[in-house]
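The data below hold one chain only, encoded as structure tokens and taken in the form predicted on its own.
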Amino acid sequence: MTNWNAMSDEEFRQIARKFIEDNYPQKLRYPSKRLRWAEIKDWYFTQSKAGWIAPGWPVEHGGMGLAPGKLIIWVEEQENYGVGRAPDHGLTMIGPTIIQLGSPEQKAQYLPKIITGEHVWGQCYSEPNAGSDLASLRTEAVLDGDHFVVNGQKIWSTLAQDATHLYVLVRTDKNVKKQEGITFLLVDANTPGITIRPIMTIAGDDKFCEVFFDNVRVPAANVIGGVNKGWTVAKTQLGFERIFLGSPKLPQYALGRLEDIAMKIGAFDDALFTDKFTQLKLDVADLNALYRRYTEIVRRGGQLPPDVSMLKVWSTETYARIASLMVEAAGAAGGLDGATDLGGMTEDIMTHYYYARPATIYGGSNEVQRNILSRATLNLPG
């Protein structure tokens, strides 16, 4: 068995890069929208068969056992090559949670089927009135014998229509502090009483869903971490999420597309455009330098400080400004949906613009991230 962590970072990077270049479909590079399971499952299966599907999982559970620094390299190489994101909640969220907090029976039941792709997981956290204030969730689970009966509604569940299983935060006690009355449940998506309804976005895709629970019976054995301990369980899933959401790759890619467009249509002849572009280029360069600072902490095995929240704010808001300038530079063509011809090249400008808006919300809205920075970093009153 290959000892990946014994390799130098550069040697591992070259092997990872070659694996991606040799196996990832060219037609799926830099997708303009989130890919559905049917579109990208072959890539998932290819990784699974080669032993590359769960790089961060321990070897004993079917993973590669990569140290944090090597895991970041793997993510960076995928981003650099334009690899589309597969439905990966099983790999990045629920799998690690089960490894850390699940019972031996839960590990044996769920982990192998995540590795093979037999189980595809979706997240059911947010609700219509519980988004950034997630602890206000109202989806209720009442114990009835050896089952919980679940009733309520979830929203913004990404690609839930492709999921075979869902992990759900439910309220199991209304008489305690709201964070203390929440339980974490694993739910088979084919259980009677579950309705999944896709939501069509302004960008023209249906990657988000509403999920309705109507007297859904879930075995009590499917609780992770203990009854009323779900808030703590959910927090263990954060892991590297904040640092990956703050990756400079998305604004870097968008800036490259903006530069290509500007060259084609002669936008650099306009001094005002050139000034705006240069400011954005410097912002992306500064973001990249900041990102490296935090990845070095991870490489050393250190604990990320609260001020890592500035990465997500910086990355997503820079991306939004780039997308806005792309629309502005394209003139009348900037408001057209779909692939648009711009001086001999085609670009789906509005998709960048549409996707830049929710990027500031998901993963903890930027307002919430600023509150974290104000309290935990600047010691300002809450």
Partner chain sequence: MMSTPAAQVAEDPAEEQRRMLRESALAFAANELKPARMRTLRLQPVQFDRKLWKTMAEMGWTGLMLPEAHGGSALGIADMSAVVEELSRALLPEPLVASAVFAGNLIAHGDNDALKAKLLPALVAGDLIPAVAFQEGLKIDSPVQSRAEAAGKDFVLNGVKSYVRPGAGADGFVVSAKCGDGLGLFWIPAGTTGAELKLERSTDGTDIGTLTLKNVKVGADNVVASAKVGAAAFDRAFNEALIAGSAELLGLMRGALDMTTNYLRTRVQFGKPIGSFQALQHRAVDLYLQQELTAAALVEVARLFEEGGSGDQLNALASRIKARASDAAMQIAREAIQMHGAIGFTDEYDVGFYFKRIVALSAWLGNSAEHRRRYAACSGIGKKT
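In this text, the rigid core denotes the largest set of C-alpha atoms whose superposition between the two forms falls within 1.5 Å. Numbering follows the first chain given and starts at 1. Predicted model, so just to flag it, every value in this text is computed and none were measured.
Heads up, the form predicted in complex with its partner chain isn't pictured, but that's what we're talking about next.
K.L.:
Tell me, please, which stretch of 25 to 33, 54 to 62, 336 to 344, 39 to 47 lies within 4.5 angstroms of its partner chain in the model of the complex when heavy atoms are compared?
P.N.:
Among the listed stretches, the partner-contacting one is 336 to 344.
K.L.:
If you check in the model of the complex, do Glu328, Met350 and Tyr354 all have a non-hydrogen atom within 4.5 Å of its partner chain?
P.N.:
All of them do, each having a heavy atom within 4.5 Å of the partner.
K.L.:
Taking heavy atoms and a 4.5 Å cut-off, does Leu287 contact its partner chain in the model of the complex?
P.N.:
So Leu287 does not count as contacting its partner chain.
K.L.:
Verify the contact flag for Glu367: yes if a non-hydrogen atom of it lies within 4.5 Å of a non-hydrogen atom of its partner chain in the model of the complex, no if not.
P.N.:
Yes, contact at 4.5 Å.
K.L.:
Can you work out whether His147 and its partner chain are in contact in the model of the complex, taking contact to mean some heavy atom pair no more than 4.5 Å apart?
P.N.:
Residue-level check for His147: no, no contact with its partner chain.
K.L.:
Within 4.5 Å, heavy atoms only: does Arg85 come near its partner chain in the model of the complex?
P.N.:
It does not: once its partner chain is placed as it appears in the model of the complex, Arg85 has no heavy atom within 4.5 Å of it.
K.L.:
Please tell me which of Pro128, Gly302, Pro305, Pro192 lies within 4.5 Å of its partner chain in the model of the complex, judged by heavy atoms.
P.N.:
The residue from Pro128, Gly302, Pro305, Pro192 that makes the contact is Pro128.
K.L.:
Please tell me which of Phe244, Tyr291, Phe208, Trp74 lies within 4.5 Å of its partner chain in the model of the complex, judged by heavy atoms.
P.N.:
Contact check passes for Phe208.
K.L.:
Within 4.5 Å of its partner chain in the model of the complex, counting any non-hydrogen atom, which residues from 250 to 282 show up?
P.N.:
Going through 250 to 282 in order - heavy atoms within 4.5 Å of its partner chain in the model of the complex - the hits are Ile265, Asp270.
K.L.:
Align both forms on the core first, then report whether Ala108 has a C-alpha shift of 2 Å or more between the shown form and the other one.
P.N.:
The answer is no, as the C-alpha of Ala108 shifts between the shown form and the other one by less than 2 Å after core alignment.
K.L.:
Superposing on the rigid core, is the CA of Gly343 displaced by 2 Å or more between the shown form and the other one?
P.N.:
It does, since the Gly343 C-alpha is displaced 2 Å or more between the shown form and the other one after the core fit.
K.L.:
Core-aligned, is the CA shift for Val176 between the shown form and the other one 2 angstroms or more?
P.N.:
Comparing forms between the shown form and the other one, the Val176 CA shifts below 2 Å.
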